[in-house]
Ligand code: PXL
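One chain comes next, on its own, written as structure tokens: the form predicted alone.
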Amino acid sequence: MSSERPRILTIQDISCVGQCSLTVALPVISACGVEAAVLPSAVLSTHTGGFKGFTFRDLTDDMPDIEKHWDKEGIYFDAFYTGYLGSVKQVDIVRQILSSRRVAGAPKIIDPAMADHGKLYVGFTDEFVEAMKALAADADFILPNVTEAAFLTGIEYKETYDEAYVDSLAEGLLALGAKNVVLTGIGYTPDTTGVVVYEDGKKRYYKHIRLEQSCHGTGDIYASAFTGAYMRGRTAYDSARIAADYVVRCIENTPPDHWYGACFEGVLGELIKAVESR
């Protein structure tokens, strides 16, 4: 890293209302004690889950000019964290930026935010999946859920699975070129879930309670907390554990009628303590 306080570039959309994407990444990464720079991929009036008639402003054409200005200013980044990207063309631009604006050794943390519950998000196609495979090949850490891992590897999606199935997903992601894999939402029993970390040829599983309530944006919260903790010097496994525990607390802090996101703000203090503790 170039300094004691590393600077992360996070590339994803701004959903103006909805507690996801950049409105999550900025405060969560900042709370971890890391400078968060942003490259918005699009601006939406709300996120796409449950809202109708949302607006969408594609910022693809702005991204190369932003990168050119950074080049003139000599701006580089100690890490990259990508989330929701709006098009195949954006993926190609992002790959270029991850190469040109990179401090030597800067990790690339890729959240392939494109699918859940066995289906692609609205607006995504098989062509986008192919583009995301190329981005996954650049990843130092890729953080997919089961659905995203299945699309990226071409393995049939299963709602009920065993450890061998999860291993096959990870092996497929590593075969794409990803250096390390963190699979999220992995549960082998009805009352538990967790994360599996495949790093440097080793596998570790962190299990925690499965809550009945689900919230939009928890994947963004998880990836942001993982990135922030990792860039503060925590191991990948500890970062995965800290992020998982934080997501649980966010859901527990969210009233049942708060349907459009998770109330992560009120428990940021707990994340800060977890990242700082040794």
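No experiment lies behind these values; they were computed from the predicted model shown. Note that residue numbering begins at 1 and tracks the sequence as displayed.
Below: the form predicted together with this ligand, not depicted.
Q: Please determine, with the chain shown alone, which of 229-237, 47-55, 243-251, 26-34 has non-hydrogen atoms within 4.5 Å of this ligand in the predicted complex.
A: Comparing against this ligand in the predicted complex, the contact stretch is 47-55.
Q: Tell me, out of Phe80, Tyr198, Phe141, Tyr84, which residue has a non-hydrogen atom within 4.5 angstroms of this ligand in the predicted complex.
A: None of the others qualify; the residue that does is Tyr84.
Q. Applying a 4.5 Å heavy atom distance criterion, does Tyr121 contact this ligand in the predicted complex?
A. Yes - in the predicted complex, heavy atoms of Tyr121 and this ligand come within 4.5 Å of each other.
Q) Would Thr10 sit within 4.5 Å of this ligand in the predicted complex, counting heavy atoms only? A) Looking in the predicted complex, residue contacts with this ligand do not include Thr10, since no heavy atom lies within 4.5 Å.
Q.
Using a 4.5 Å cut-off on any heavy atom, which residues of 212-226 would contact this ligand in the predicted complex?
A. Result: His216, Gly217, Asp220.
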